[in-house]
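Here we start with a single chain on its own, the form predicted alone, put down as structure tokens.
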């Protein structure tokens, strides 16, 4: 059996890497990897961590390109790869433009699609944008839906998909953490190697498109005030390279004591930084799954989330982007030990670290 695994961004690579490793173990599967390069440098960092060498690299990245340009370049590039390799199954993960174009290219060639992390829904087609549309469009042309949770499965059932094609597997991001988080991890560069992690370290990540502009201004203003109010707090912010993020980050946070604006981290140091932090404030999707595995409360600075499992389990709290609310909730976790422990000790709803193994077993049962 020939399986083509396709991904293009860092989050996809992280969640697909454990599956690639499982596929490589199976002598009945001829596994090939195609990367679109929708992200470039930060994608390559993940490939290096997991020792994955792509068989096909479309290398579509270009600074400032539009969604239409990403879509057309990825679709045309994928067509050539499919015609050359002629896979029996194409695997994709998540909700990026690479995911949708990979599924569409497979559909045009009548190749079954396996969608890892299927069934996530925010029910607002413009939030997250364009991810909510990407995942819903992808579901329409998917043959095997690998839902990470029961809630994701229920979303698919409500939309009318065949129950026989939906499998609850857990989330492969938990599998990936087993490769990377180490008890005595040492950072290889300043300032991360000199920070006192027994202090109240807050890790901030913010880059999402729907937060550009005023929402991001409110988020960063709130974080600035929290650092000013609390001398025990250190803020670490790996700043996304997009100028729409960097300009606002510099406006509010550059030059402040106890604020560390650093370059984006590769996957391994980022996971270990999460493990050493006290609180995580984020608009990321994957971080909402990773941080609870490490026992870290997650405050989600978005208006909606397609990951309600963490909210329901109590590992994460959805704040929106109101400045006063963000300040209030961060201070609550800093000051109230019971509130902190109730989030830190909540049961992670995203799996047990064996999702990749389940997915490959399902593929074998269906195709071999």
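Just so it is clear, the model here is predicted, and its values are computed rather than measured. Residue numbers count along the first chain shown, from 1.
Here the subject shifts to the form predicted together with a small molecule, a form of this protein not shown in this document.
Colleague: Is there any non-hydrogen atom of residue 42 lying within 4.5 Å of the small molecule in the predicted bound form?
Modeller: Residue 42: yes, in contact with the small molecule in the predicted bound form.
Colleague: Hey, in the predicted bound form, does residue 327 get a heavy atom within 4.5 angstroms of the small molecule?
Modeller: Outside the cut-off, so no.
Colleague: Residue-level question: is residue 52 within 4.5 Å of the small molecule in the predicted bound form, judged on heavy atoms?
Modeller: Looking in the predicted bound form, residue contacts with the small molecule do not include residue 52, since no heavy atom lies within 4.5 Å.
Colleague: Please check if residue 341 has a heavy atom lying within 4.5 Å of any heavy atom of the small molecule in the predicted bound form.
Modeller: Outside the cut-off, so no.
Colleague: So which of 209, 80, 251, 182 reaches within 4.5 angstroms of the small molecule in the predicted bound form, heavy atom to heavy atom?
Modeller: The residue in contact is 209.
Colleague: Considering 58, 70, 334, 47, which brings a non-hydrogen atom within 4.5 Å of the small molecule in the predicted bound form?
Modeller: Filtering the options by heavy-atom distance leaves 70.
Colleague: Can all three of 153, 308 and 353 be found with a heavy atom no more than 4.5 Å from the small molecule in the predicted bound form?
Modeller: Not a single listed residue reaches the small molecule in the predicted bound form, so no.
Colleague: Mind telling me which stretch in 106 to 114, 242 to 250, 81 to 89, 160 to 168 gets its heavy atoms within 4.5 Å of the small molecule in the predicted bound form?
Modeller: In short, 242 to 250.
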